[in-house]
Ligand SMILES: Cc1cc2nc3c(=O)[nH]c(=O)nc-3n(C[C@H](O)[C@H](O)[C@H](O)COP(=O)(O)OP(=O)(O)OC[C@H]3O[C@@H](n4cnc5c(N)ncnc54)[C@H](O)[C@@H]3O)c2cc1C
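Quick setup: one chain, the form predicted alone, written in C-alpha cells, and binding and motion questions come after.
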C-alpha cells in the first residue's frame, strides 16, 4: 500500500464512497478507512442469520437514488462499466387492512389508481392528481437536493420563479398529515398515504413534511420498490471496486479516533489501533458530527459549529428484526393471494400520530404497531437458497426509553415477537416452523453495530425544519467544509440528509473538486462523456 494518499476518508458509508468515487475519477488517490469489518455503512448486504441468506442489514430500497444525476446520467459508469443492475417489481407495495380489504400499489399507475377507486373515486382522482402535480415540480426539488448549499438557488427561490411555486411554498411548509387528511376521504386511502409519507422516518404530523405526502408515493410509483440485483450492498461493493481501480485503497477494522491537525490544518487521521494516515490534499469525514467534534480539541472548532452540534437531535429511530424463512410473506390480494416485496401496515389513520407521541414520551408501543415488512428475495431470489426467503420487519421505537436505552436489552425480544404476530394477522403462513433463524436489532443495537447510527438513527439525525438544508449539520456549516481547514464532511448529517440518495456524497464531491480547482461537471464530461448536470445548479 502506498505511504501517502491525496485524500483520506474516515468512514465507508455509501455517501463517502460516492465522494471518493468522483475524486478517484478526477485522478486523486483515496484511502478509505472503515471501523467495521465490512465496507458500506448502512448500505451493506451480509449473512446475518444463516449461510446463504443475504440480508440487507439496514437500507434495502434505492428509490430516491434513482433521481440522482449520478444514476440518471451514469456519471460514474456504475451501470455501463461495473454492471450495476436494478430490479423494479410490478407489485410495489401491499397494504392489508384489519377489515380484510387491501390496497396494492403497482408499478403501472393505472392499476394503482384502480386500487384507490375500490374505496373512493375521489381518492383515486386525488392520487393521480397529486402524482402529476409533483411530477411537474419535482425537477426543482431534485435541483435543490443535488446542488451543494450556496452553489445554486435554495428551494424557496426556485419555487418563487415557478408558475405553481406559490402553492408549493405552502404545501411543503404544512404537515403530511394535513395534506393527506384534506385530499383523501376514505380511511384506507389515508392509511396507505400516511404510511408512505413516513418512509423517511419523519412523523407525518411534523411541520415541513408536506412534500413527503407527494414525494414518497411518487418515487415508488415511478421506480417501484427498486432494489439492486444481488442486494443493497452491491452498490457500495461496486463503488469500492471503482476507487481501487483508480489507485485507491479501502481498509476495514480501522476505527478513526482522532484528527491530525498541524499548523491549524487537518492533514490526516489516527485510528484506534494506533495507526495513522496522512493526506496530501484533504481529509473527508462521514463520522457522525456528534463524534467528529470530539476528535479534535474544541478550540479548533468555530463556536457556532460547536453550538450547532450541541443542539443537533437524533430524531425517530427504528426497530428491526431479520428472518430466514422457508416461505414468502403471503397476503390476500388480487387473484386470491399475493407475495409482495414490501408490506405496509397501519391500522387506522390516527395511529400514525401516536408514533411521534411515543417517541416523545420514550415508550415502546406494540399496540397495533406501524410496520414495514420487506422481502427482497421476492424480487431477487438469488439472495437466499432456492425456495427460501429473507424477511425484514421494521417498526419505529424510541432510543431513549423512559427506563433508559439499556432497557432495550430486556424488552427487545418481546417487541420483536409483537411485531411478528402483527404481521401474522395478515400473513398467517409465517408460523414458527417456517422461520429458520432470527436476528433482532433494537435502536440501541443499531448504534452498537454502526456508531454513525447515533442514538439509533439510521438517517443521521432528525430530518425536521431545524436540521434541513442550510441548517444541516449546523447553521453556517452546510457546505461540507468544516471549521478546521482541510477537513470536509459528508454523509447523512449533511444536506440533503438521510436515506440512500447519494446526495450528500455527490454534493461533497462538487465542493471539494471546486476547491481543488476543477468542477464535478468537468470531471464527469472528461472521464465518461456523460452530459454535465450543471443545469441543476441554475
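None of these values were measured; they are calculated from a predicted model. Positions refer to the first chain, counted from 1.
One more form of this protein should be noted, the form predicted in complex with this ligand, which is absent from this view; the next part is about it.
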*this ligand in the predicted bound form: contacted by all of 40, 59 and 286, heavy atom 4.5 Å*: yes
_Location of this ligand contact in the predicted bound form, chosen stretch of 494 to 502, 473 to 481, 66 to 74, 47 to 55 [non-hydrogen atom, 4.5 Å]_ = 494 to 502
*Any of the heavy atoms of residue 190 lying within 4.5 Å of this ligand in the predicted bound form?*
no
*Answer with yes or no whether residue 35 is in contact with this ligand in the predicted bound form, where contact means some heavy atom within 4.5 Å.*
yes
_this ligand contact in the predicted bound form: residue 24, any heavy atom under 4.5 Å_ = no
_residue 144 versus this ligand, in the predicted bound form: is there a non-hydrogen atom within 4.5 Å?_
no
*The unique member of 260, 140, 255, 439 whose heavy atoms fall within 4.5 Å of this ligand in the predicted bound form*: 255
*412, 171, 389, 452 - the one with a heavy atom within 4.5 Å of this ligand in the predicted bound form*: 452
